[in-house]
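What follows is a single chain, given as structure tokens, in the form predicted on its own.
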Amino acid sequence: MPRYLGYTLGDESVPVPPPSPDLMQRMGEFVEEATKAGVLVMTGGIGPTAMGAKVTLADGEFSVVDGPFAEAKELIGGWALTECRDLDEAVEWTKRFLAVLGEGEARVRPVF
């Protein structure tokens, strides 16, 4: 079964309040439904760039720069790995996810 990575984008310059208890409950119900349907493989959030590092290989040498990464304009905020029949099904599950999360954007890409 093809796998798809769905992810949301974030902007570290815009403060995001913690999720409300109502949103956490609705998201938990959505995750449970997607898991029982056999679609959701794994999901998670990604911490701020200040907690990460950028690793580069150039001319055979590695360089490591600790975050934050001020040059980043769009960052992945959260992600979900799904197994769906095709992209259309992955898009439908993503629509349902956004309906729970609220207005915003999510992107879906196949995983090879």
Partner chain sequence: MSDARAATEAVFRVERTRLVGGLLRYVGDVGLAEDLAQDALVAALEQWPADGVPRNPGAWLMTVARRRAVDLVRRDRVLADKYALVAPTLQSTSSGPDEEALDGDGIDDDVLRLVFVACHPVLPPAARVALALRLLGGLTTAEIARAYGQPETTVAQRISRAKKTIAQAGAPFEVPTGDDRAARLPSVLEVVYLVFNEGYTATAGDDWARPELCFEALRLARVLAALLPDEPEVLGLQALLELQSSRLDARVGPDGAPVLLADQDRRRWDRLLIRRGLDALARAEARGGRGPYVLQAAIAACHARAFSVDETDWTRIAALYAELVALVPSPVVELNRAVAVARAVGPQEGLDVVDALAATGTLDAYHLLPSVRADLLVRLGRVDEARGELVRAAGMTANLRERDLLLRRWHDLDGTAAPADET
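Residue numbers count along the first chain shown, from 1. Note that the structure is predicted; figures quoted are calculated from it, not measured.
What comes next is about the form predicted in complex with its partner chain, which is not displayed.
Enquirer: Does at least one non-hydrogen atom of residue 75 fall within 4.5 angstroms of its partner chain in the model of the complex?
Expert: It does not: once its partner chain is placed as it appears in the model of the complex, residue 75 has no heavy atom within 4.5 Å of it.
Enquirer: Heavy atom to heavy atom, is residue 38 within 4.5 Å of its partner chain in the model of the complex?
Expert: Yes - in the model of the complex, heavy atoms of residue 38 and its partner chain come within 4.5 Å of each other.
Enquirer: Does residue 88 reach its partner chain in the model of the complex, with heavy atoms at most 4.5 Å apart?
Expert: Residue 88: yes, in contact with its partner chain in the model of the complex.
Enquirer: Could you confirm whether residue 27 comes within 4.5 Å of its partner chain in the model of the complex, counting heavy atoms only?
Expert: Although its partner chain is absent here, residue 27 would stay clear of it in the model of the complex, with no heavy atoms inside 4.5 Å.
Enquirer: Please identify the residue among 42, 50, 55, 70 with any heavy atom within 4.5 Å of its partner chain in the model of the complex.
Expert: Among 42, 50, 55, 70, a heavy atom within 4.5 Å of its partner chain in the model of the complex occurs only for 42.
Enquirer: Taking 1, 93 and 96 as the candidate spot, are all three within 4.5 angstroms of its partner chain in the model of the complex by heavy atoms?
Expert: The answer is yes; 1, 93 and 96 each reach its partner chain.
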